[in-house]
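Below you will find one chain, with nothing else, as structure tokens; this is the form predicted alone, and questions on how it binds or moves follow later.
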């Protein structure tokens, strides 16, 4: 009986220590997600109507498109992923979050860095390197914020009461180490005063983009999925050996990819990239097998709840991963290079994989942390259907349009302008999918915003009640 009470008290203290840090991380992340999707919608409309917002130099396609992508990745995926990591580490450690003030400071630094970065891109101060478009000041803020969150997560991990390690620990702790390594390296080499010459610059850029989008997102997303899938399904994670095998092969083979076959570099680099892409199919299949065995036969109704989000995210991880590595196959890259195919795969990884898993985790975490149910549970279900349907309607036309566009380009009888225009009809359908994704994100924003307001109002009422309550007889001085 006493053990049960102590465990309940520990759980309450644990959730209370996470409340403010997670509200700071999740609240800003959801806002940046909506901002990024709005900017992406503006960029897509410019292909159908080039005169749209043409009088505003801040909203030209060359500025809006990278700002949209960076807002989704750096504004939503990274801070939301860090918040989920903190919660999982605290739960697996069975102790409150260590240094809880540090993530709150880090969250404000992070959101300030994203604001400075997006402002710099829209003002024309982009660095010009893919996924490194933020100016140096914004990059410094983001890097410092990540280190602060990592400090709190590492301290929680080090002071854990439960000493056993779980597969989620492997993936999430590797993600904490992976990002500062690749981000600092890429910024020091590409955004410093002394830049490398010649083809070394694009090679570094491809290496960074691959490690960020393919490897880091996989470590964060799969680590999160391997915690929530067995928890919600009410069973242990199946085949931990396969999970370890998938983890090791992912970080070993996945880092080789990224260099396209058409790159003007020594031939051995694209060849090594193609080999790494082929071998990366092994961890994809291993991790898919673990997830399939874990959820197979689970008696959990999938009606738009967190379980549905995370299952859809894992499925998207496998499918988008296979499509991603196919781009580096010499036979297919001849058709797929310089088309909308690569953009569609990237959006599937960002929104369909990372976005869906993080949304499911947020819906599962927030009611526990806040100690109250979601204010609009029906909106959470609508969020799933809008977002899942929107992602499919967004990326599938881009994939089909990219293949058709590449085939037209390789037909010498088709003029280049006509081959480029082939994708326009697919882009129109894709824009509809973007709108649905935006509607789903607004559902999440409303739930998070109302929960935050309710908590703040409750906090104010508690303070007022304490200040206006009469003093106890023992507290009155004679």
Partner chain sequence: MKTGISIFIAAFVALGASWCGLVLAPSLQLGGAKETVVLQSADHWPQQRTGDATLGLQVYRASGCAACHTEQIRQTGVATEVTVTGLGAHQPDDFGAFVKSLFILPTLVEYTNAIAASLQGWHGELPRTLLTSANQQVVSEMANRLKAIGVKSETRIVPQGDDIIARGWGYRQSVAADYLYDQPVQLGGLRAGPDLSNIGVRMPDANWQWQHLYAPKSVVKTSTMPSFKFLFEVRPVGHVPSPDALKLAADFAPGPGLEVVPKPEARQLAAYLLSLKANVPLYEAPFTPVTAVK
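From a predicted model like this one, the values you see are computed outputs, not experimental measurements. Positions refer to the first chain, counted from 1.
Keep in mind that the form predicted together with the partner chain is missing from the display, and what follows is about it.
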Checklist outcome for this item: In contact with the partner chain in the predicted complex (heavy atoms, 4.5 Å), from 276-284, 222-230, 354-362, 123-131, is stretch 123-131
Checklist entry - With a 4.5 Å heavy atom cut-off, would you call residue 202 a contact of the partner chain in the predicted complex? => result yes
Checklist entry - Should residue 294 be counted as a contact of the partner chain in the predicted complex, where contact means heavy atoms within 4.5 Å? => result no
Checklist entry - Might residue 429 be said to contact the partner chain in the predicted complex, defining contact as any heavy atom within 4.5 Å? => result no
Checklist entry - Is residue 169 close enough to the partner chain in the predicted complex to count, meaning some heavy atom within 4.5 Å? => result yes
Checklist entry - Of these, 207, 386, 242, 146, which has a heavy atom no more than 4.5 Å from the partner chain in the predicted complex? => result 207
Next on the checklist: Taking the partner chain in the predicted complex, would 187, 317 and 453 all count as contacting it (heavy atom within 4.5 Å)?
Outcome noted: no
Checklist entry - Mind listing which residues of 51-78 have a heavy atom within 4.5 Å of the partner chain in the predicted complex? => result 51, 54, 55, 56, 57, 60, 61, 62, 63
